[in-house]
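Below sits a lone chain in structure tokens, taken as the form predicted on its own.
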């Protein structure tokens, strides 16, 4: 099993050979593996989308969806006063849910800054609240031992020099009209603004573990790496914060080190994502409901079992889960989000061993019906997650001779196992190498029970 464990460690840390590409730095794959090691171990983080859009409370893209002008949107800046904001409570809830890192929107597409930037007046310091929201947040989350991540929108619908494009609230159908619309706007000035603000974020708040930049949409009426000067930007980021981890939305796919991890959004990937034939580090960002920002009247909320299943499935394919909360305009988590976090925390309290440090199981272990597998290459333990609790017996196909001991993870109670009887299918003998686990009739009182197999 040692060779399998070594191979899986390489998968876990993303150190499989990379396809030959252009590079922006001299970092080796081994050095990247070391830089990402904490992140690939921790697996579970909190995303926080918060801004002026919490006041209209009908989607974080409300300015875009309703074609609002800066003048229309000003009422939310004037009214913004999150008087109940207590980031220490947020941090405690994230930690209790089993999350190990957090990423917050320092500025979303609306252009409003939650931090005290010297390059704009459109910031929380100039609202009725009067404080740097990010400074308080960083201090609170660091105190709870969580790693710190900043989201920063490359897009800015408020800045006077940000040119109108196909994603802008003042977009038009006729592509030929954009030149006229953008008279007097200077993207060079906005680009300088963008770089200056990223420099502030990576200079004024100590060590930053993750930078989440969002997003590029290249094309005739879009924006890509040239608009952001992405090469210069990412070099500055790595110079200011050498250990930082950066997402993949700068439109630098041509460079092997133009990103650290892929970010499939609001989707369940069918298998571990690959680039040029190699498995790569990845993280899926997901919401509790259908929106990222606080949405008062949105009710398509996932139930606790769906959320736990989402986390397990992500880890079972070698990925991380970044699960989003959209605080209210007064600075509180939605009650529905609090309940979901508590439910995940209840499961993680007893079963986190099947998440932290785990990854996709070696191919030599078949996935039993109605289960998900995760594997810890350091401890050589396999975790069988029972999505649908079986009736007294669970058959493990091809596991004969591979298991030393079996137990429920939540209470460490032994599970007896024995060689399973073979059976016939179309005249062919099947299942000669299967194991049979004897399970109690009553399902354990956890949403998704986990069986821990200590392997030979």
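Computed from a predicted structure; not experimentally measured. Residue numbers count along the first chain shown, from 1.
There is another form of this protein, the form predicted in complex with alpha-D-glucopyranose, and it is not shown here; the text below is about that form.
For alpha-D-glucopyranose in the predicted complex, the listed stretch (273-281, 140-148, 122-130, 210-218) containing residues with heavy atoms inside 4.5 Å is 210-218. For the chain shown alone, residue 262 is not a contact residue for alpha-D-glucopyranose in the predicted complex, no non-hydrogen atom being within 4.5 angstroms.
Heavy atoms of residue 61 reach within 4.5 Å of alpha-D-glucopyranose in the predicted complex, making it an interface residue. In the predicted complex, no heavy atom of residue 115 sits within 4.5 Å of alpha-D-glucopyranose. alpha-D-glucopyranose in the predicted complex is approached by residue 285, whose closest heavy atom lies within 4.5 angstroms of it.
This chain is displayed alone, yet in the predicted complex one of 383, 228, 292, 90 has a heavy atom within 4.5 Å of alpha-D-glucopyranose; that residue is 292. The contact with alpha-D-glucopyranose in the predicted complex, taken as any heavy atom within 4.5 Å, belongs to 49 out of 35, 41, 49, 400. Applying a 4.5 Å heavy atom cutoff to alpha-D-glucopyranose in the predicted complex picks out 108, 109 from 90-119, in order along the sequence.
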